[in-house]
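Presented as C-alpha coordinates, the chain that follows is alone, the form predicted alone.
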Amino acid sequence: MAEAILTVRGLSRHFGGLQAVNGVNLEVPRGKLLALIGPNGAGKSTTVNLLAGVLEPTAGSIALDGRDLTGLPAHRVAGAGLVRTFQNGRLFKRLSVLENVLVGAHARHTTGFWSAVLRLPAFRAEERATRELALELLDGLGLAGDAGREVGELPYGKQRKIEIARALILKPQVLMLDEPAAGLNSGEVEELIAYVSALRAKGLSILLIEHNMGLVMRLADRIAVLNFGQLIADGEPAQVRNTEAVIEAYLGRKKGSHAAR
(Lines give C-alpha, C1' and ligand atoms only; values in the text may rest on other atoms or scores of the structure.)
Protein backbone atom coordinates (compact mmCIF):
# COMPACT_ATOMS: atom_id res chain seq x y z
CA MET A 1 0.00 0.00 0.00
CA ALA A 2 1.17 3.55 -0.75
CA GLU A 3 2.50 5.73 2.06
CA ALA A 4 -0.31 7.10 4.23
CA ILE A 5 -0.94 10.84 4.26
CA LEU A 6 -3.75 10.60 6.86
CA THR A 7 -3.24 8.20 9.74
CA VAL A 8 -5.90 7.47 12.36
CA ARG A 9 -5.10 5.29 15.36
CA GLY A 10 -7.49 3.99 18.02
CA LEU A 11 -10.09 6.65 17.29
CA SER A 12 -12.98 6.49 19.75
CA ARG A 13 -15.91 8.63 20.76
CA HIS A 14 -18.32 7.79 23.54
CA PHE A 15 -21.59 9.59 24.25
CA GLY A 16 -22.32 8.58 27.81
CA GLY A 17 -22.56 4.80 27.70
CA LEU A 18 -22.86 4.70 23.88
CA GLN A 19 -19.71 3.85 21.93
CA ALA A 20 -20.37 5.60 18.61
CA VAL A 21 -16.81 4.97 17.37
CA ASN A 22 -14.61 2.41 19.04
CA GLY A 23 -10.88 2.00 18.39
CA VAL A 24 -10.91 2.74 14.65
CA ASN A 25 -7.65 2.61 12.67
CA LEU A 26 -7.61 4.17 9.19
CA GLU A 27 -5.00 5.16 6.63
CA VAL A 28 -5.62 7.27 3.54
CA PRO A 29 -2.85 6.44 1.04
CA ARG A 30 -1.14 9.43 -0.53
CA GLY A 31 -2.68 10.23 -3.90
CA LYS A 32 -5.34 7.51 -3.55
CA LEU A 33 -9.01 7.26 -2.64
CA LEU A 34 -10.17 5.46 0.49
CA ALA A 35 -13.92 4.86 0.72
CA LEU A 36 -15.45 4.63 4.19
CA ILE A 37 -18.71 2.69 4.07
CA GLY A 38 -21.11 0.95 6.43
CA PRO A 39 -24.80 0.43 7.08
CA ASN A 40 -26.93 3.15 8.67
CA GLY A 41 -25.83 3.81 12.24
CA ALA A 42 -22.36 2.37 11.65
CA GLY A 43 -20.58 5.48 12.95
CA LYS A 44 -19.51 7.06 9.66
CA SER A 45 -20.86 10.54 10.39
CA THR A 46 -19.32 10.56 13.86
CA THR A 47 -15.98 9.49 12.39
CA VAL A 48 -16.06 12.30 9.83
CA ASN A 49 -16.95 14.83 12.54
CA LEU A 50 -14.04 13.61 14.64
CA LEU A 51 -11.61 13.89 11.73
CA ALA A 52 -12.91 17.36 10.83
CA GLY A 53 -12.57 18.71 14.37
CA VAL A 54 -16.31 19.12 14.93
CA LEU A 55 -16.14 16.55 17.73
CA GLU A 56 -13.24 15.83 20.07
CA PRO A 57 -12.17 12.18 20.37
CA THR A 58 -12.59 10.32 23.64
CA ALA A 59 -9.39 8.48 22.71
CA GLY A 60 -7.06 7.97 19.76
CA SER A 61 -5.00 10.12 17.41
CA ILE A 62 -5.32 11.82 14.01
CA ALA A 63 -2.20 12.79 12.02
CA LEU A 64 -2.02 14.51 8.64
CA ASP A 65 1.32 14.06 6.90
CA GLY A 66 2.97 13.60 10.29
CA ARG A 67 1.25 16.56 11.95
CA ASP A 68 -0.91 15.77 14.98
CA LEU A 69 -4.42 17.17 14.51
CA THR A 70 -6.02 15.40 17.46
CA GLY A 71 -8.46 17.65 19.29
CA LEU A 72 -7.87 20.72 17.11
CA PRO A 73 -10.96 22.85 16.30
CA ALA A 74 -12.52 22.60 12.86
CA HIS A 75 -11.02 25.80 11.41
CA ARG A 76 -7.49 24.72 12.33
CA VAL A 77 -8.03 21.24 10.92
CA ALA A 78 -9.21 22.74 7.62
CA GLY A 79 -6.34 25.22 7.62
CA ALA A 80 -3.90 22.33 8.08
CA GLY A 81 -5.21 20.68 4.92
CA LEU A 82 -7.88 18.19 6.02
CA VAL A 83 -11.00 19.62 4.37
CA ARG A 84 -14.54 18.30 4.16
CA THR A 85 -17.76 18.74 2.26
CA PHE A 86 -21.07 18.24 4.05
CA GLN A 87 -23.70 15.55 3.58
CA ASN A 88 -26.39 18.23 3.83
CA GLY A 89 -25.27 21.34 1.97
CA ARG A 90 -24.12 24.34 4.02
CA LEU A 91 -24.38 26.94 1.27
CA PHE A 92 -25.53 30.55 1.56
CA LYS A 93 -28.55 30.53 -0.75
CA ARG A 94 -28.76 34.35 -1.12
CA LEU A 95 -25.10 34.74 -2.07
CA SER A 96 -23.74 34.14 -5.55
CA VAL A 97 -21.99 30.95 -6.56
CA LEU A 98 -18.62 32.74 -6.64
CA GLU A 99 -19.21 34.36 -3.25
CA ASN A 100 -20.02 30.96 -1.73
CA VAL A 101 -16.73 29.55 -2.99
CA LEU A 102 -14.77 32.57 -1.80
CA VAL A 103 -16.30 32.26 1.69
CA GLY A 104 -14.35 29.05 2.10
CA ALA A 105 -11.03 30.68 1.24
CA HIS A 106 -10.44 32.72 4.39
CA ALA A 107 -8.73 29.82 6.20
CA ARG A 108 -5.91 29.75 3.65
CA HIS A 109 -5.21 33.50 3.52
CA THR A 110 -1.75 34.40 4.79
CA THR A 111 -2.10 38.20 4.93
CA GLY A 112 -3.03 39.57 8.34
CA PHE A 113 -5.98 41.51 9.71
CA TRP A 114 -4.56 45.00 9.18
CA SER A 115 -3.42 44.14 5.68
CA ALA A 116 -7.04 43.31 4.89
CA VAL A 117 -8.47 46.38 6.63
CA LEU A 118 -6.04 48.73 4.86
CA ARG A 119 -6.21 46.73 1.63
CA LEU A 120 -2.44 46.65 1.30
CA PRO A 121 -0.85 45.38 -1.94
CA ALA A 122 -0.14 41.92 -0.48
CA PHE A 123 -3.79 41.49 0.49
CA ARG A 124 -5.05 42.68 -2.90
CA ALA A 125 -2.69 40.29 -4.70
CA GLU A 126 -3.85 37.38 -2.58
CA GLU A 127 -7.48 38.36 -3.13
CA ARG A 128 -6.98 38.39 -6.93
CA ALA A 129 -5.25 35.01 -6.87
CA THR A 130 -8.04 33.52 -4.77
CA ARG A 131 -10.71 34.84 -7.11
CA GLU A 132 -8.88 33.43 -10.13
CA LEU A 133 -8.62 30.04 -8.42
CA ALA A 134 -12.33 30.09 -7.56
CA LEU A 135 -13.27 30.81 -11.18
CA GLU A 136 -10.93 28.07 -12.36
CA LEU A 137 -12.55 25.56 -9.99
CA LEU A 138 -16.04 26.58 -11.11
CA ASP A 139 -15.01 26.22 -14.75
CA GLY A 140 -13.70 22.71 -14.09
CA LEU A 141 -17.08 21.80 -12.59
CA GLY A 142 -19.04 23.30 -15.47
CA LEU A 143 -20.26 26.21 -13.35
CA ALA A 144 -18.37 29.16 -14.85
CA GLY A 145 -21.57 30.47 -16.43
CA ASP A 146 -23.33 30.40 -13.05
CA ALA A 147 -20.66 32.28 -11.08
CA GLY A 148 -22.82 35.39 -10.64
CA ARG A 149 -26.12 33.64 -9.96
CA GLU A 150 -27.62 33.20 -6.50
CA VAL A 151 -27.10 29.67 -5.23
CA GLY A 152 -30.77 29.35 -4.32
CA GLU A 153 -31.70 29.65 -8.00
CA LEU A 154 -29.68 26.59 -9.00
CA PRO A 155 -30.77 22.93 -9.08
CA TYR A 156 -29.58 20.60 -6.33
CA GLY A 157 -26.98 18.86 -8.49
CA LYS A 158 -25.17 22.13 -9.15
CA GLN A 159 -25.31 23.06 -5.49
CA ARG A 160 -23.48 19.84 -4.63
CA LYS A 161 -20.73 20.83 -7.06
CA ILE A 162 -20.39 24.22 -5.37
CA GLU A 163 -19.74 22.41 -2.08
CA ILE A 164 -16.80 20.63 -3.72
CA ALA A 165 -15.41 23.86 -5.20
CA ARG A 166 -15.61 25.56 -1.79
CA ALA A 167 -13.60 22.73 -0.25
CA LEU A 168 -11.03 22.64 -3.05
CA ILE A 169 -10.25 26.36 -2.78
CA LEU A 170 -8.58 25.54 0.54
CA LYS A 171 -6.05 23.44 -1.43
CA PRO A 172 -6.53 20.39 0.78
CA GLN A 173 -3.98 17.67 1.30
CA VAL A 174 -6.88 15.30 1.97
CA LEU A 175 -10.40 16.00 0.70
CA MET A 176 -13.22 14.36 2.66
CA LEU A 177 -16.33 13.94 0.50
CA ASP A 178 -19.33 13.26 2.72
CA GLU A 179 -22.10 11.57 0.69
CA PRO A 180 -21.39 13.63 -2.47
CA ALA A 181 -23.80 11.58 -4.61
CA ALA A 182 -26.79 12.05 -2.28
CA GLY A 183 -29.76 13.37 -4.25
CA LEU A 184 -28.00 13.26 -7.63
CA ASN A 185 -29.54 11.67 -10.72
CA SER A 186 -27.67 9.07 -12.75
CA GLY A 187 -26.19 11.62 -15.16
CA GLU A 188 -24.95 13.79 -12.31
CA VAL A 189 -23.42 10.74 -10.61
CA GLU A 190 -21.47 9.98 -13.79
CA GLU A 191 -20.20 13.59 -13.85
CA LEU A 192 -19.19 13.26 -10.21
CA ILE A 193 -17.28 10.04 -10.88
CA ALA A 194 -15.41 11.66 -13.76
CA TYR A 195 -14.52 14.75 -11.72
CA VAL A 196 -13.36 12.85 -8.63
CA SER A 197 -11.31 10.51 -10.84
CA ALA A 198 -9.63 13.57 -12.37
CA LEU A 199 -8.82 14.99 -8.92
CA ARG A 200 -7.20 11.72 -7.88
CA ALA A 201 -5.27 11.56 -11.17
CA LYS A 202 -3.78 14.96 -10.25
CA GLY A 203 -2.51 13.45 -7.00
CA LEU A 204 -5.18 14.56 -4.51
CA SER A 205 -5.76 12.18 -1.60
CA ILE A 206 -9.47 11.57 -0.97
CA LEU A 207 -11.59 10.07 1.80
CA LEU A 208 -15.02 9.25 0.38
CA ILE A 209 -18.00 8.52 2.64
CA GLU A 210 -20.76 7.18 0.44
CA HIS A 211 -23.82 4.89 0.28
CA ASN A 212 -23.80 4.48 -3.50
CA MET A 213 -21.94 1.19 -3.79
CA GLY A 214 -21.69 1.36 -7.58
CA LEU A 215 -19.84 4.66 -7.25
CA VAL A 216 -17.65 3.31 -4.44
CA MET A 217 -16.61 0.25 -6.42
CA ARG A 218 -15.71 2.36 -9.45
CA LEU A 219 -13.69 4.96 -7.55
CA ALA A 220 -12.10 3.37 -4.50
CA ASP A 221 -8.50 2.18 -4.33
CA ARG A 222 -9.28 0.82 -0.87
CA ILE A 223 -12.44 0.41 1.18
CA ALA A 224 -12.83 0.55 4.95
CA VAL A 225 -16.06 -0.75 6.47
CA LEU A 226 -17.58 0.34 9.77
CA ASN A 227 -20.30 -1.46 11.68
CA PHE A 228 -21.55 -0.47 15.15
CA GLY A 229 -18.61 1.92 15.46
CA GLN A 230 -15.93 -0.68 14.76
CA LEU A 231 -13.81 -1.34 11.70
CA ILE A 232 -14.75 -4.76 10.30
CA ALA A 233 -12.83 -4.72 7.01
CA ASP A 234 -10.15 -2.71 5.23
CA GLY A 235 -8.68 -3.65 1.86
CA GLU A 236 -9.00 -3.52 -1.90
CA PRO A 237 -12.58 -3.42 -3.27
CA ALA A 238 -12.71 -7.01 -4.52
CA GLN A 239 -11.34 -8.28 -1.21
CA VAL A 240 -13.76 -6.27 0.92
CA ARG A 241 -16.79 -7.12 -1.24
CA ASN A 242 -16.26 -10.81 -0.52
CA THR A 243 -15.54 -10.47 3.19
CA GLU A 244 -18.03 -12.48 5.24
CA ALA A 245 -18.38 -9.83 7.97
CA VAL A 246 -19.22 -7.18 5.38
CA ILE A 247 -21.85 -9.36 3.68
CA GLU A 248 -23.43 -10.10 7.04
CA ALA A 249 -23.43 -6.41 8.08
CA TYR A 250 -25.14 -5.30 4.88
CA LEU A 251 -27.43 -8.24 4.18
CA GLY A 252 -28.01 -9.66 7.64
CA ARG A 253 -26.74 -13.07 6.64
CA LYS A 254 -23.51 -14.99 6.38
CA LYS A 255 -21.82 -15.60 3.06
CA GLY A 256 -23.33 -18.60 1.30
CA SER A 257 -26.46 -18.76 3.46
CA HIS A 258 -30.00 -17.96 2.33
CA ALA A 259 -31.49 -14.67 3.39
CA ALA A 260 -34.53 -15.00 5.64
CA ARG A 261 -37.83 -14.26 3.98
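When you see a residue number, it is the position in the sequence shown, counting from 1. Treat the numbers as computed from the prediction; the structure is a model and nothing was measured.
Quick note: we don't show the form predicted in complex with a small molecule, though the next part is all about it.
Even though the small molecule is not shown here, does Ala238 get within 4.5 Å of it in the predicted bound form, heavy atoms only? Close contact is absent here: in the predicted bound form, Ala238 is far from the small molecule, nothing within 4.5 Å, heavy atoms only.
Using heavy atoms and a 4.5 Å limit, would one call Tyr250 a contact residue for the small molecule in the predicted bound form? Flag for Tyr250 set to no.
Would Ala20 count as touching the small molecule in the predicted bound form under a 4.5 Å heavy atom rule? Yes, contact at 4.5 Å.
If you check in the predicted bound form, is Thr70 within 4.5 Å of the small molecule, heavy atoms only? Close contact is absent here: in the predicted bound form, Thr70 is far from the small molecule, nothing within 4.5 Å, heavy atoms only.
Just to confirm the contact call: exactly one of 40-48, 62-70, 230-238, 197-205 touches the small molecule in the predicted bound form at a 4.5 Å heavy atom cutoff, so which is it? After filtering at 4.5 Å, what remains is 40-48.
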